[in-house]
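Consider the single chain below, provided in structure tokens and representing the form predicted on its own.
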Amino acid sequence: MGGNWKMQITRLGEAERIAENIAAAIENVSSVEVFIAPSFNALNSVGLTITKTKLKLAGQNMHYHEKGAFTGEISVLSLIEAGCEYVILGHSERRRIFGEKDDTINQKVLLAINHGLKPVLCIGETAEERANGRTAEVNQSQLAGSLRNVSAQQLQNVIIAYEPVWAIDNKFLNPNIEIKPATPEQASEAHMIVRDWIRKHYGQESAANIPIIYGGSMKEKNATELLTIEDIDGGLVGGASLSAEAFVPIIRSAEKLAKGEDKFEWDSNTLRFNE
């Protein structure tokens, strides 16, 4: 489970407090790995705050060169020094607002892997692309471009995050549509497309082992329904990760499912829990 704070928490003290609260609340979580991605200016202080806890640290992006004259960018070396274990790459806001292309994201993925960071590679289609029947085409193309020259061995350190662009509550991405999370059917279909592509290009073992997580307005009220889907292995959470009160219940839902504590079945596309 990942929490992407984007540019929402702007004060160091607040970032440290939220991180500390989340870390304390997941102290007894044993079956779910959790990371948060604060703004770059907060990485070092938040990293120090969560040292020796179960909570992990992630960068929200990075440049594809280790260092150099790249004003406003951040180096993979800086992420590592701050204590990051993960880095989010290819997020829809980077692709759709800032114009990042697959070849650029691919360079970042390779650099991250070579430095021991786990890339959280984001892919996903827009509302228009889905309406035009291009869901499979767009996601497969982004996978092919972003994972070019990534070996099966290297893929073991990659997480894929499917984030339907149309389900992200961002007026700059979606100025004219009503934001709704994917239905279980939509999410399941997309995750199957991703896993089938991995199977075709990397083999059954890679497809079975790679974590494919869902990112698109996951909240406490829909987390369990989404996480019970066979091909969904976790979540990349945005707004609901900005406080322990909102994020921890999602993590606990994942923990219960991972440990088999929730007994459930699907009945006519409805999730029903058994005593």
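Each residue number is its position in the shown sequence, starting from 1. Every value quoted in this text rests on a predicted model; they were computed, and no experiment measured them.
What comes next is about the form predicted together with a small molecule, which is not displayed.
Contact with the small molecule in the predicted complex, judged by any heavy atom within 4.5 Å, is made by just one of Glu73, Asp169, Glu85, Glu129: Asp169. Residue in contact with the small molecule in the predicted complex (any heavy atom within 4.5 Å), chosen from Met218, Ile36, Val46, Met62: Met218.
With the small molecule left out of view, the stretch that reaches within 4.5 Å of it through heavy atoms in the predicted complex is, among 232-240, 205-213, 27-35, 52-60, 232-240.
Among heavy atoms of Glu93, some come within 4.5 Å of the small molecule in the predicted complex.
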